[in-house]
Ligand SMILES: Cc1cc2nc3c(=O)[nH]c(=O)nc-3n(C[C@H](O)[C@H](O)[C@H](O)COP(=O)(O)OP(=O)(O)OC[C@H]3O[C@@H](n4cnc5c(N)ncnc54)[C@H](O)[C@@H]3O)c2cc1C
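Quick setup: one chain, the form predicted on its own, written in structure tokens, and binding and motion questions come after.
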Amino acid sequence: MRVAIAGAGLAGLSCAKYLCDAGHVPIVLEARDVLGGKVAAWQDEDGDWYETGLHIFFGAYRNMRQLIGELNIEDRLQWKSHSMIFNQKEVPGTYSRFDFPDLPAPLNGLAAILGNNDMLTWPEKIAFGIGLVPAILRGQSYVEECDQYSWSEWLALHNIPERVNDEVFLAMSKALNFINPDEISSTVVLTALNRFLQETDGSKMAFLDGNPPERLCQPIVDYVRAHGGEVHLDSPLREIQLAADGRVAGFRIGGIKGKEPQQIQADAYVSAMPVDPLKLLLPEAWKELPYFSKLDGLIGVPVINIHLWFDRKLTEIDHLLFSRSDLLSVYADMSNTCREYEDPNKSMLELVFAPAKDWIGRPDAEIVAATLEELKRLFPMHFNGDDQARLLKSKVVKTPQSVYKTVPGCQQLRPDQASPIPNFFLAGCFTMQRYLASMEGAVLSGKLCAEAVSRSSSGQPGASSQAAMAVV
């Protein structure tokens, strides 16, 4: 069966890979000239890479790790020490660590929390631990029920001091969805905590050893092409064309960069685009259907990713760092963490600016200047005095609508991968799967979408992807 897929991000590419495994022929159509979607990256005039975001791979990303294993590229993940490292606000230039010992879950997570005395008091640790008991015992069903509360509201319901938010979860909520604890759904934070507590290596982190389009996405493309599929860049979807019976008749692909417009016809069609451009392309006949009308409540969150190259080493830390800044979320010195970007004498900091809603429209120079002010606190020894670190160059990547904003109530808006249109399907981290808005969520959604397409081709009833999730 021929399956046309709009979008060559992780959702579209993983969908194509698993369709190949099921014996189908995917045709992937990407609007831009680069693979990866939200993990896209580009080279500047000096050959240095700059990325859409700071992408971290967690041990809990089982579907992502399975895909990487099937592609035989496990060695491209550079695993770091099993720790979480936070800047200390009160003592500039210093860090507080949560180190996970070599114990089975949840003992290693509890030991990491109990072993850190810089950020939380013992009464705060105890109150927080008691609050987590329902999530640990009841699992994902409890986590889903908590979507009615923001994370701040969830903490208040469990009589957990607000200082726990300030010390730990302001940084974590911005890392998870680029918004603050009073906005983010408690389901998002609890999902992450549940995985971290229930899987021994769940919170362990890895960096890719190079740029994502070449090191992660291209192997998927090579696999798809080797199995008879196609992947085309510079092929934007302009229209979802309908047949008289309401099914999809074809994708109209726009002609750009000298290409002629074309009609793509297939047996099944998949949108693996982000939710915001998908909404713009929905046929008028579909917009009143509840499945599609609910998408109006899913809106991409703005994100800014900043790259700063310096004339010296600012840190030797080879890990993700939580800035605990009002302006910044997480950051890393990519010259330490990523083999392709390695430099023994200079630093390239990659930082996530969040929340970004008040900054997304400002000039790049203003964003860089604000970030440099924050670096005076993070690296005081290099930004005070006469011999200050010199900024060599910078790149700012703005994504006005990135992953969907996971505010309370969004869970009920997320669609199944199989739509009411018999030959039309959705993939993307906004679709219903248990890993929310993440690389893991994108890969899992692509796998579930491929399963839904395969079921339709065999004439099986459209079992929901929630049922499929149970066996993933």
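Note that the coordinates shown come from a computational prediction; the quantities given were computed from them, not determined experimentally. Counting begins at 1, following the sequence as shown.
From this point on, the text means the form predicted together with the ligand, which you will not see here.
Residues within 4.5 angstroms of the ligand in the predicted bound form, judged by any non-hydrogen atom, belong to 52 to 60 and to none of the other stretches in 405 to 413, 66 to 74, 52 to 60, 418 to 426. Though the ligand is absent from this view, in the predicted bound form it lies within 4.5 Å of a heavy atom of just one residue from L308, L237, A266, M172, which is L237.
The ligand in the predicted bound form is approached by P274, whose closest heavy atom lies within 4.5 angstroms of it. Contact annotation: V303 falls within 4.5 Å of the ligand in the predicted bound form, judged by heavy atom distances. With a 4.5 Å cutoff on heavy atoms, V3 does not count as touching the ligand in the predicted bound form; it lies far away.
Not displayed here, the ligand is approached by G37 to within 4.5 Å at the level of heavy atoms in the predicted bound form.
Residues L29, E30, A31, R32 of 18 to 34 are found to place at least one heavy atom within 4.5 Å of the ligand in the predicted bound form.
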